[in-house]
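This document contains two forms of one protein chain, each encoded as structure tokens and listed individually as structure 1 and structure 2.
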Structure 1
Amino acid sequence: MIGTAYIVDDDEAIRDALTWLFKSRMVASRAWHSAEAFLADWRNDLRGCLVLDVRMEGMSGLELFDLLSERGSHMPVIFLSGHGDIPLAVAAVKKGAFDFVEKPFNDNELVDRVIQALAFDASRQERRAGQASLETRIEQLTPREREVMARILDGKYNKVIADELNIAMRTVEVHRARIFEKMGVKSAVELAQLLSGRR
């Protein structure tokens, strides 16, 4: 299973019920009795989904959510809210929380949302890794290769590129071949697709 469900709730019965529920659906989980206890163990490289009670003794779930956001956490958060807390939970969703689930919750619906949040987190990690790999490839290009690549992406022919950069057409061909090799593509179309989200 992808990622872990991190449960933070000051009600022991709910923590135990959620731990059992996630285990029954093959979702890995860990639980904490307070926001402060979770923060003591929190690291920015934790992967998964946070299942967070809105109201708790000490630091509230909303305060923890705000603090994690300030610290650069991108982990999806699902709030568990009592009926009177729904306006607070809705406000949290507007600030970037993944969702909120009202107590008493439907077991399967909650687990389904957690699984969706875990998948969302995993796909975001993959995109980030791909973006980092792309940046590394671009950094391998020489300044001249970047100039040539920009013109390839503008759809210019080798002869036009050679004239604009005042170099031989054969040199443009060599640069083009090296750019394709370094970027891991076989054509200008593939290159454009690879960089489409970046330009």
Structure 2
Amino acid sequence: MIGTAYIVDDDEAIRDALTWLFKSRMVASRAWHSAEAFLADWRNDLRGCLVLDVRMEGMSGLELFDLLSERGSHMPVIFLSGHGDIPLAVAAVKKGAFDFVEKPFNDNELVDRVIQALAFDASRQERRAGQASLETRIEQLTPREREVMARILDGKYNKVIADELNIAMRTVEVHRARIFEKMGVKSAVELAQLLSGRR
């Protein structure tokens, strides 16, 4: 399994139990005693899932979740809670938490959820890989080409684009050809299909 279970819990007994549990199930894990400590090590390119205690001294698990979301993280999060607090669970899931598990938890069940979360993150990364190559292609367009492309996607004629940019039609044609080449398409329609949804 690719990815690591990142555990954040202020209860050492829980941390040790989880660490042992994951190790025994061949799931890579790492644990922190507080949200703040975890944040110090956080990087946006980490792969895996989070296992967060809801209530902790200092920053709570939910606050950590919100903070990471703001920072652009989409890593799946499994919350652990020792209190049967339904509104809290509902709020967490509505915000996009992957799951919400009550303590005491069933070992097998928790590991299952974690593996699901790891798989989810892995597939999300994969999906982004395809997009990334698209992004990459867009990035290798020159600024001028991007200007032209935007206008092509507006369905404008080369002549109109030339007028708007105050350049010769021929120049637009050159840009157009380069755009098609770099983007790997053969027509404006394909380009529109490729980039639809974006913007």
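Everything numeric here is computed off the predicted structure, so don't read it as measured data. Numbers follow structure 1, counted from its first residue as 1. For clarity, a rigid core is taken as the largest C-alpha set superposing within 1.5 Å between two forms.
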property	result
Of structures 1 and 2, the form predicted on its own	1
Rigid part versus rigid part between the two structures; hinge residue out of K159, N166, H83, A129	A129
Interdomain rotation between the two structures (smaller rigid part versus larger, whole °)	40
Backbone CA shift between the two structures, L134, after core fitting (angstrom)	4.0
